[in-house]
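Only one chain comes next, encoded as structure tokens, the form predicted alone.
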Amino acid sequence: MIIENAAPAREERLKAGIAFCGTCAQLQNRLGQKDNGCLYAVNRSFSQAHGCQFTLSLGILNTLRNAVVIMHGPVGCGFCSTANIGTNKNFKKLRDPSAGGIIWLSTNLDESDVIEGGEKKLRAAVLYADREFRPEAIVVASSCVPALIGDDVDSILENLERETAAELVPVNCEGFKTKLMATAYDAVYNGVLKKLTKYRERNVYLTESELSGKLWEYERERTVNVFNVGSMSRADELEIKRLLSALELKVNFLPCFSRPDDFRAALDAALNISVCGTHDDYYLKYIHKEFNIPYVIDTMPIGKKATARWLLKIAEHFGQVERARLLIQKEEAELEQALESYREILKGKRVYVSGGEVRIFVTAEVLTDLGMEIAGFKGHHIDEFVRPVMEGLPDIDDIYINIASQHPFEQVNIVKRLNPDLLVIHTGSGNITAKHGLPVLPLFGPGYNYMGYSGVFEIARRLRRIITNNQFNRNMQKYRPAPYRSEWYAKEPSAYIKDTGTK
């Protein structure tokens, strides 16, 4: 199977949509239509902001251990990397105490390079990184400028391979090529597939016994790869590992905080497991076709219902369904006992949930199980992976949903109209909306546990805390002006969407 030079935009590959205002029933009806049913062509006459796939790609690439990331473009394009220095260093050390922090360079393209090309600077940066740091891999992430001036990064790196000890990995993630930030996952995996995904040699000793070979094969048949792109904390990983270990499975986590060689080792596994199809389908489908490793892409293991479904899908592959059922029964019984004191405080509270398409709906299941009510949804985009998750949620037909990549102006308008009691919202997306005086729970965070059964308890515990102590947000509403003029709050939030998608 041939790997493309660059991953296609998700607007093309998945016909993903980024503009919708209406009810969940209207959205599901639109997704289910065969003719003119797709939402990918729906757009806005005015857009406030979009996420950039280059910055999200860097967020993933900067987690790699024993790798140097070169940002090929103007130095300002990589400024976002400074925000992750502390977190990434600490998280790398949780995997390997000897791991270092982020090492990233920039080719610092300027006006002259736009005319003359950036090849000389890229070549010099690669050779410097190889000589100075001696990493396993040097990853070159291309911003918009190299694509606009025609730098052929893949060919440049191919010509440099004989001069470097490191594996050279091109990642074509130019921001202007897509409005869907999530295309970054495909862009990163595209680079990994081109250069890091290959069988590694297994040491076979002259005196190796037949038993040793069979033990290696047995271990391979019980090994699974869990893909952790972006939105899993270390606490989430440990909870997932605990549950899968109870099924006698050995767990590897990829790609975040992995070493480049881990992608070779990952081919010695019996099953690839996604925690979110939005993240992983591009990679897992290729690995299945090329290396015949089956995969599970279903739901996210957040909440009792979704976690049980996720575990049973995995257990079915290994013939461990009965064992998984006993595990689920035990975990749910302990969890119910632990949640008893939280339900009375949370009961009846109305929540607005905003974030990734799959995550908002599985999180809604947790909230409704705790006795809360869903006031509305906002998803970054919409595609095929959300349909089975939405179908599994009862009583959401009349709930309002907004599909928007960023666009906080629509979000605050909707929140003002719905008037929820609190927000559960994607990290970094709630600062403007919080000025309306609402308590905010981040949808995920690097230091918190959301997944599995312990994740449900942690969500309940943190919700109780922010509901009973939300003075900071109330003071913001009291002493800070509303983020937008009253004229905008009087308008329909779908005013700038060319096709509301509700016909």
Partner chain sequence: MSAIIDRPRFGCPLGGALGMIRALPRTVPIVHASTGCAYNIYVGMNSGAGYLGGGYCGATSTPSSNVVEKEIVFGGEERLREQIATTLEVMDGDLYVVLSGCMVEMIGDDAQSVTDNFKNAPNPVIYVSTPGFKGNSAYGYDVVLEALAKEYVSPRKRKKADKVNVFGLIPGGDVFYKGNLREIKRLLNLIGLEANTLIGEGETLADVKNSGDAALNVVLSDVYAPLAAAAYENIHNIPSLRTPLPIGYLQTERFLRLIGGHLGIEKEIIDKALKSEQNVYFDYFERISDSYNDIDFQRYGLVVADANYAPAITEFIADELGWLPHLTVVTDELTERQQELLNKRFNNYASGVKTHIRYDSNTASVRRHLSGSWERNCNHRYYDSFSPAVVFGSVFERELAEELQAPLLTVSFPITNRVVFNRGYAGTSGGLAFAEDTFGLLVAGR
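Note that the structure is a prediction, hence the values are computed from the model and not measured. Numbering follows the first chain given and starts at 1.
One more form of this protein, predicted together with its partner chain, exists but is not displayed; see below.
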| Does the 4.5 Å heavy atom contact test between Glu111 and its partner chain in the predicted bound form come out positive? | yes
| task | Report whether the minimum heavy atom distance between Lys89 and its partner chain in the predicted bound form is within 4.5 Å. | result | yes
| message | Taking any heavy atom pair closer than or equal to 4.5 Å as contact, tell me whether Cys144 reaches its partner chain in the predicted bound form. | response | yes
| said: Can you tell me whether Pro74 touches its partner chain? I mean in the predicted bound form, with a 4.5 angstroms heavy atom cut-off. | reply: yes
| query | If we take heavy atoms and a 4.5 Å cut-off, which stretch out of 286-294, 366-374, 146-154, 330-338 is in contact with its partner chain in the predicted bound form? | reply | 146-154
| note | Note: exactly one of Ser231, Ser274, Asn252, Ser106 sits with a heavy atom within 4.5 Å of its partner chain in the predicted bound form, namely Ser106
| remark: Checking Gln28, Asn470, Gln477, Gln48 against its partner chain in the predicted bound form, the residue with a non-hydrogen atom inside 4.5 angstroms turns out to be Gln48
| task | Please state whether every one of the three residues Leu14, Phe318 and Pro388 places a non-hydrogen atom within 4.5 angstroms of its partner chain in the predicted bound form. | result | no
| request: May I ask you to list the residues of 116-135 that have any heavy atom within 4.5 angstroms of its partner chain in the predicted bound form, in sequence order? | output: Lys121, Ala124, Ala125, Tyr128, Glu132, Phe133
